[in-house]
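First comes one chain, alone, set out as structure tokens in the form predicted on its own.
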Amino acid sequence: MNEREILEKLREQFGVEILNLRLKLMGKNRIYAYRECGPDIEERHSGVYFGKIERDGIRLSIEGCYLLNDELRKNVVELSRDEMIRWLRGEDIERDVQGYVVLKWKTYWLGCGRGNGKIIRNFVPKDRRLRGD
């Protein structure tokens, strides 16, 4: 999959029209976002982890959600404060949605989850979850 095909998937899935970033597909179908910054320097790795191409869509990382920010127009689920806390603790959220959705509380992007019609499955990495009461 090339950069143009990834943008087309982002358009279908999340309503993204303009992307002011370059995208690079690397190992394990992981997408990295970067901006070209001038001098040609040999690099080993460039960009921020943006998301992953899964067999049924693109799963954005929390950073990928922030990079797209105003461009996310479809499949955005707004959470209440209580739901946001549950989500950041790693719990699934009950919603009648299908496929990958981006979760948001106020102006904060909380990452991407996958709905099956009953719940949105949580993909927040364990080391980024809230702990304690």
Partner chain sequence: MDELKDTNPDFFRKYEDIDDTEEFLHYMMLPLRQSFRVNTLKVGIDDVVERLSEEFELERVPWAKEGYFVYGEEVTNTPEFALGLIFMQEASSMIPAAVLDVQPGMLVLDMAASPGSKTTQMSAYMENRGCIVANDVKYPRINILISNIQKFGSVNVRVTMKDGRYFGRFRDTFDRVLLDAPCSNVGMIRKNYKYLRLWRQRDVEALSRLQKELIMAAYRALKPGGVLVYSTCTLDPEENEEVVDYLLSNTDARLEKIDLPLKSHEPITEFRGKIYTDEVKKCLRIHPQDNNTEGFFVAKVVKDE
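Computed from a predicted structure; not experimentally measured. Positions refer to the first chain, counted from 1.
Keep in mind that the form predicted together with the partner chain is missing from the display, and what follows is about it.
Worksheet item: Does M26 make contact with the partner chain in the predicted bound form, using a 4.5 Å heavy atom cut-off?
Response: So M26 does not count as contacting the partner chain.
Worksheet item: Can L79 be called a contact residue for the partner chain in the predicted bound form at 4.5 Å between heavy atoms?
Response: Contact check for L79: no, nothing within 4.5 Å of the partner chain in the predicted bound form.
Worksheet item: So in the predicted bound form, does any heavy atom of E63 sit within 4.5 Å of the partner chain?
Response: Within the cut-off, so yes.
Practice prompt. Check whether S46 has any heavy atom within 4.5 Å of a heavy atom of the partner chain in the predicted bound form, and answer yes or no.
Written response: Output for S46 is yes: heavy atoms within 4.5 Å of the partner chain.
Worksheet item: in the predicted bound form, which of 90-98, 52-60, 103-111, 70-78 comes within 4.5 Å of the partner chain (heavy atoms)?
Response: Looking at the partner contacts, the answer comes out as 103-111.
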